[in-house]
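Before any questions on binding or motion, here is one chain by itself as structure tokens, the form predicted on its own.
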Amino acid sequence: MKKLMHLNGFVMFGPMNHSVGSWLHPDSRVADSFAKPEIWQDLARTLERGKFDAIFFADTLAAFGNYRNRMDEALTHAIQFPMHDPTLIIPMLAAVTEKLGYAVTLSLTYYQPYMAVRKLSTLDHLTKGRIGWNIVTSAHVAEAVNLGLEKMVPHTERYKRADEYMEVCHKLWNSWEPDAVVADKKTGVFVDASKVHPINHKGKWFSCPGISAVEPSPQRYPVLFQAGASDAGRDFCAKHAEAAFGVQLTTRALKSFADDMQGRLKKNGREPSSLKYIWGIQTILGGTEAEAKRRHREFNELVPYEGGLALLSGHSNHDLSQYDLDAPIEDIEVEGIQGLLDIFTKMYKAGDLGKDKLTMREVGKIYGATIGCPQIVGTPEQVADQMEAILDETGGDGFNITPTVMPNNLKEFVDEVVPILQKRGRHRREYTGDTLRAHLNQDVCG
């Protein structure tokens, strides 16, 4: 039997998804009404109809202000801002779906472990076991200062701190034995106190003596996603994650990422099959190849290069306005998400996309359109072909699909591409479990 393809809708709870200028498209329903719950409920129903694993919410906590040392470009182009709290809408989406999972981004730099465990475990209860956690360490200086820090936690320290953070979380999740809650009205005992154990954690970065504020949830702990691209991030992913989210522009770069992770898994005593690889892509469909290419061109024309550079400046925590727009981009070391910037330097030096170097103007257009994900363009059959080829060549397991136009692009995919993948035995026809972890581990189509 053929290997199952896992699919997530990769979105943000704001007017812009992951494409600068996408809100300008005439078919965008989130341009001025993104906070309306019915839009998101309709999307959740659509993705469940398409048997997706989950809606995967990216998030940011502050407006980017790195580009030209101001927020003007970020606000003008609605660059991942304003951004509402996705954890608050998830229960509303879970109420109108039965199987679809929900992965939410929480920064372990700005949420204490105790509070993160409380929030995630509560959501896991409310969704009956359909929660995932996209673990990020945060590389956004505006988040740091708005949350009371003088500066961002240095890159070299972030993942060392993150290891201890996850240690505390797992201790809290395991502080209750599975059968600690008895709720016995005859004896008057709600919790068997002998089965709840204070963790008494005292470490370099965290102190937490008590127990989880929430009793064991259906999954015990959320499905753990992580998108580390630097060496430290990849090591963290190999140690902690159940699914790696990879953003690279070419198939060769995705395969290189997966191959590299295999060695890191081995060093951590893990089996190769214990980590799923979920690749970021953007699909653009047309009834004919010519129509798809036209829609591709028209969509990319909406992207302002300066908006893309403001977005990448925020993600990398580095002001890219200081470089010549039309000079070839060189290697740049940053304190933010180094791996995202490396996509446009080290990868291009390898000639993966037919040229040695990009200009900063070209980087702005590409990053603004896709945040570094490949655009898959064609008829539904051609898009299905390309998706299968990417997974087969890279050893990947599935995709986070970031839409061009919300929510129509994902609806088109469910209506036109999913049936083809199902017919080919590459995507499930039915869910075989009830939890997000069950979906992720369903490797053969049901």
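Treat the numbers as computed from the prediction; the structure is a model and nothing was measured. Throughout, we count residues from 1 along the sequence that is shown.
Here the subject shifts to the form predicted together with another copy of the chain, a form of this protein not shown in this document.
Visitor: May I ask you to check whether S212 falls inside a 4.5 Å heavy atom distance of another copy of the chain in the predicted complex?
Guide: Because a heavy atom of S212 falls inside 4.5 Å of another copy of the chain in the predicted complex, the answer is yes.
Visitor: Are any of the heavy atoms in N174 no more than 4.5 Å from a heavy atom of another copy of the chain in the predicted complex?
Guide: Contact check for N174: no, nothing within 4.5 Å of another copy of the chain in the predicted complex.
Visitor: Do K119 and another copy of the chain share at least one heavy atom pair within 4.5 Å in the predicted complex?
Guide: Yes, contact at 4.5 Å.
Visitor: H25: heavy atom within 4.5 Å of another copy of the chain in the predicted complex?
Guide: So H25 counts as contacting another copy of the chain.
Visitor: Based on heavy atom distances of at most 4.5 Å to another copy of the chain in the predicted complex, which listed stretch, 373 to 381, 64 to 72, 417 to 425, 48 to 56, is the contact stretch?
Guide: Checking each option against the 4.5 Å cut-off leaves 64 to 72.
Visitor: Have a look at Q322, T76, Q262, N268 for me and say which one sits with a heavy atom within 4.5 Å of another copy of the chain in the predicted complex.
Guide: None of the others qualify; the residue that does is T76.
Visitor: Which listed residue (L123, A292, I135, A229) meets the criterion of a heavy atom within 4.5 Å of another copy of the chain in the predicted complex?
Guide: Selected option: L123.
Visitor: Taking another copy of the chain in the predicted complex, would P82, V145 and P198 all count as contacting it (heavy atom within 4.5 Å)?
Guide: Yes, all three are in contact.
Visitor: Counting only heavy atoms, which residues in 181 to 214 are within 4.5 Å of another copy of the chain in the predicted complex?
Guide: A183, D184, K185, G188, V189, F190, V191, A193, V196, P198, S207, C208, P209, G210, I211, S212, A213, V214 sit within 4.5 Å of the partner.
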